[in-house]
Structure formats: C-alpha cells, structure tokens
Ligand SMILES: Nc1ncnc2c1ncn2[C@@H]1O[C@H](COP(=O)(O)OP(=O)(O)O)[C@@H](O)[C@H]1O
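Presented as structure tokens, the chain that follows is alone, the form predicted on its own.
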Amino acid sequence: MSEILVADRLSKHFGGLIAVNKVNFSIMADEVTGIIGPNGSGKTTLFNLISGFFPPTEGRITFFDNEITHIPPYERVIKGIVRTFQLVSVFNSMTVWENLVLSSIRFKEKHVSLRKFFFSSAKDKEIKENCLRALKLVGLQSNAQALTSELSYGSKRMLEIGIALSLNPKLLLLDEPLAGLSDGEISEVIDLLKQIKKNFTLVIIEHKISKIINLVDRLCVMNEGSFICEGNPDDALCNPVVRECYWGKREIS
C-alpha cells in the first residue's frame, strides 16, 4: 500500500489553546483507519484541517504528492477528499434525489464556477449514473422522490454518506457516522461501511469503539492534540497509555 495523504507537523492553535499539536499522520491507499480519543482531544479539528475547513497554524499536507495545505475545501473535494459531519448535513427542503444531484453537479470540475454550476444540466449521464449507484448502495431507491425532511435521522445519515459516495472520493472522512443512531440503524451503517471499504479509502472518527473494532485496519488514538498510539486495533486498545488516558475518563461503549 502507498501513502495517499501525508500530514507533516500539522498544528492548529485557537489563541492559547493548542487543538492539534505537530501531528505527523499518513493515510494509506485502500486502508480503513479509525481515530478515537476523549472528547476535546482534537479529532474533528484534525478532520477540519485535512478537509480545508481550518487553515493550519503550522505544518503542511500533501495529497498524492501534491501540496494542498492552503487550497479551499471545494478544491479538495474535486481532488477527491470528501467528508461527512458529526451532525447530518443535508438539504431538508429538497428531495433525496435532488440532494444527490445538486452535490454531484457542484463538485464536478467542469461546473466549478458559479455560472457553470447554475446553468449546468441535471440530466448529465455520468452524474445520473453516479447518483443512482450511490442511492442503491445506501438503500434509498424507494425514497428518491421523498422530501429529505420526511426521512428518519438514520436515513438522513445514509443519504449524507450516499452524497459522499456519489462524488467518487479517493479519500472519505467520516466524522462519527454512528452518532445519534439506534442500534438497528448502527447495524445498517456498519454493514454499508463493510461493503464500501473494498473500494474506498476510509478514515473514521468514532466514540462507539466496539462497533468499529472489526471494521478498521489501523487504530489511532488522540489525546490533547497529539497521537499517543497507532497500529493494530487490538494492540492499540491494550496499550497502557491508551487505557490510562481514554478509559480512565469514559467506558468503552
């Protein structure tokens, strides 16, 4: 496996608070990486740096050997870095299909300017095929014309993941994809992730560690803005430093 993304001494300061502290982190192609750690340890801030929502205080990021440290989020999406959020982010006033198509059009390189976006066709063959494929993957074909506001929270989560998949990401960042879901909905999302891991490189932030332990290839543990351990999931969870800083504060869920 080869490195597709490398973060070199990546830091983010908010005034006197150091949220991410000189992190060195690489993501391997076709790998599923899990990131865990106590609340406030810097996990989501790290995602915000990788996806371009925050500029780093210091450090650099390369993606397929090209530096992306200072390019905006939409350009990173076009390059293949796609993410989801802790709280589901979809357009409730649109149908499921409209959510998919709108996102696909917005992030196609040939539609990147606002003028091209507003005057582009929603009937583009490639866009339709990508959206249909994503809709089937997340099991929402029968809800294609339903208003998104009518979906359950679990279905909205599936739609958000479907939107991400429709963009054919080279790297998919999932920020707590199981948050707020029932046990049945969690099982559906885990089954989906097991299915798509064959074709996508995934990085998952999650507090429900027991649910992802058999899904990830590598587990990274953050505390106070730094990685304190990474490697085989079983070995990482048995690490005494991890047990002291993590499970001393909260129980495995």
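This one's a predicted model, so the numbers in the text were calculated from it and none came from an experiment. Residue positions are given as counts along the sequence shown, with the first one as 1.
Keep in mind that the form predicted in complex with the ligand is missing from the display, and what follows is about it.
Engineer: Tell me, please, which stretch of 181 to 189, 23 to 31, 196 to 204, 40 to 48 lies within 4.5 angstroms of the ligand in the model of the complex when heavy atoms are compared?
Structural biologist: That would be stretch 40 to 48.
Engineer: Though the ligand is not shown, can you say which of 19, 10, 229, 237 has a heavy atom within 4.5 Å of it in the model of the complex?
Structural biologist: It is 19.
Engineer: Taking 53, 74 and 99 as a possible spot, do all three reach the ligand in the model of the complex with a heavy atom inside 4.5 Å?
Structural biologist: None of them does, since no heavy atom lies within 4.5 Å of the partner.
Engineer: Taking 4.5 angstroms as the cut-off for heavy atoms, does residue 95 touch the ligand in the model of the complex?
Structural biologist: Looking in the model of the complex, residue contacts with the ligand do not include residue 95, since no heavy atom lies within 4.5 Å.
Engineer: Counting only non-hydrogen atoms and a 4.5 angstroms cut-off, does residue 168 reach the ligand in the model of the complex?
Structural biologist: Contact with the ligand, no.
Engineer: Output the sequence-ordered list of residues from 152 to 183 with at least one heavy atom within 4.5 Å of the ligand in the model of the complex.
Structural biologist: Nothing in this stretch is in contact.
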